[in-house]
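Let's start with one chain on its own, the form predicted alone, as structure tokens.
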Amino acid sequence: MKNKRASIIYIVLFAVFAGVSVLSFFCGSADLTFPQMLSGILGREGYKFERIIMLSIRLPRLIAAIVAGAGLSISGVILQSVMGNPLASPNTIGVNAGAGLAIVICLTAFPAFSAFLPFAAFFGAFFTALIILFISRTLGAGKTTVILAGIACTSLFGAGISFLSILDTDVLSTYSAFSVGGFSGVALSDIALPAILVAVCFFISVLLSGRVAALSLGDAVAASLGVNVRCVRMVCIVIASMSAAAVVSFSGLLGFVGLIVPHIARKIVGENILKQLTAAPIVGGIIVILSDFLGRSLFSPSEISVGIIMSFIGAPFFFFILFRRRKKTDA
């Protein structure tokens, strides 16, 4: 009975995912008929404009939304599980702040090398994770230590971003676009390597799902089950950071995906970590695809960044989580 229910859940998730993907791919601000879109996809003569729209604009955006939703969702599930904190996310451990600072440094010191901004974002995010790991290893890799180290790094890097922005105001426009996140102008070549990294992180997280499940029960229980708590937590933080950093490199700072999707996945499939890890990327993909579609369509031909749409969705959800936690504490 449980297996049948799980199968139905995944079938529904895949159906919704396929539906929103088709909607995003075939609907947009350009007024094209289905035959025109099909001719453009097939590369028929006289349909060069339609081909550019379908294969050079909409397809890369769709794939980017899928990879971003999956990568940030995987990161969120891992972090919330190993930290035992429902408010843990890539933002919490300073990944976004590290990527932002790296972008500003690159724009200030090497303004002519804007093509390297995605690499700067990735290494900034990943370097932040290494700093947090170093602090945690030095002070003891407890849940509280990691969270506090992330908050401290976020505050420090935020101050660095503000300082450099004052010194060079020209970087503000580029950084502002990066800070809200979005897929405008993304190309398939920008997504290829991040997609591979996200896939690798997913498979490693699946292999470690048993140990992650033990960690979610508490350090003492996990240790009694033979889990090397310190080592597993550090590896999980590296995986979560790499998955989030890969997404940041092409999408900018998309907020709330890594926070809200794990909660939705838990509601759908329960507390099983392996099921959460397999359901969360689908749910994340659905939410980000829909957000991108709404951003492109609501005020067409103008466009609202997907990061802004996600903030409108995520902020109320964040308050909902906080109120639920307070009620449980009061009870």
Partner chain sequence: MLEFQNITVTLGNKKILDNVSFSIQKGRICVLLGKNGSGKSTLINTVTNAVKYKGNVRIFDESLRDFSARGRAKLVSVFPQILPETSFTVKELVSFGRNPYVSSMGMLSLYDRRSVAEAIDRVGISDLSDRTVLNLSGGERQKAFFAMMLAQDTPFMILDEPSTYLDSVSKRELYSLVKTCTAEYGKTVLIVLHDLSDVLEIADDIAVIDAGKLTFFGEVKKALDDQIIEKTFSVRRFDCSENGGKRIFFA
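Residue numbers count along the first chain shown, from 1. The shown structure was predicted, so the numbers you read here are calculated from the model rather than taken from an experiment.
Keep in mind that the form predicted in complex with its partner chain is missing from the display, and what follows is about it.
With its partner chain omitted here, the record of contacts in the predicted bound form names 212-220 of 212-220, 90-98, 254-262, 125-133, defined by a heavy atom within 4.5 Å.
Of the heavy atoms in V227, some are within 4.5 Å of its partner chain in the predicted bound form.
I166 falls outside the set of residues with a heavy atom inside 4.5 Å of its partner chain in the predicted bound form. The shortest heavy atom separation between A199 and its partner chain in the predicted bound form exceeds 4.5 Å.
Proximity of I52 to its partner chain in the predicted bound form falls outside the 4.5 Å heavy atom cutoff. With the partner removed from view, the residue among I147, V206, A177, I161 that has a non-hydrogen atom within 4.5 Å of its partner chain in the predicted bound form turns out to be V206. The contact with its partner chain in the predicted bound form, taken as any heavy atom within 4.5 Å, belongs to N272 out of S56, N272, S300, T33. Shown without its partner, the chain has no residue in segment 85-104 with a non-hydrogen atom within 4.5 angstroms of its partner chain in the predicted bound form.
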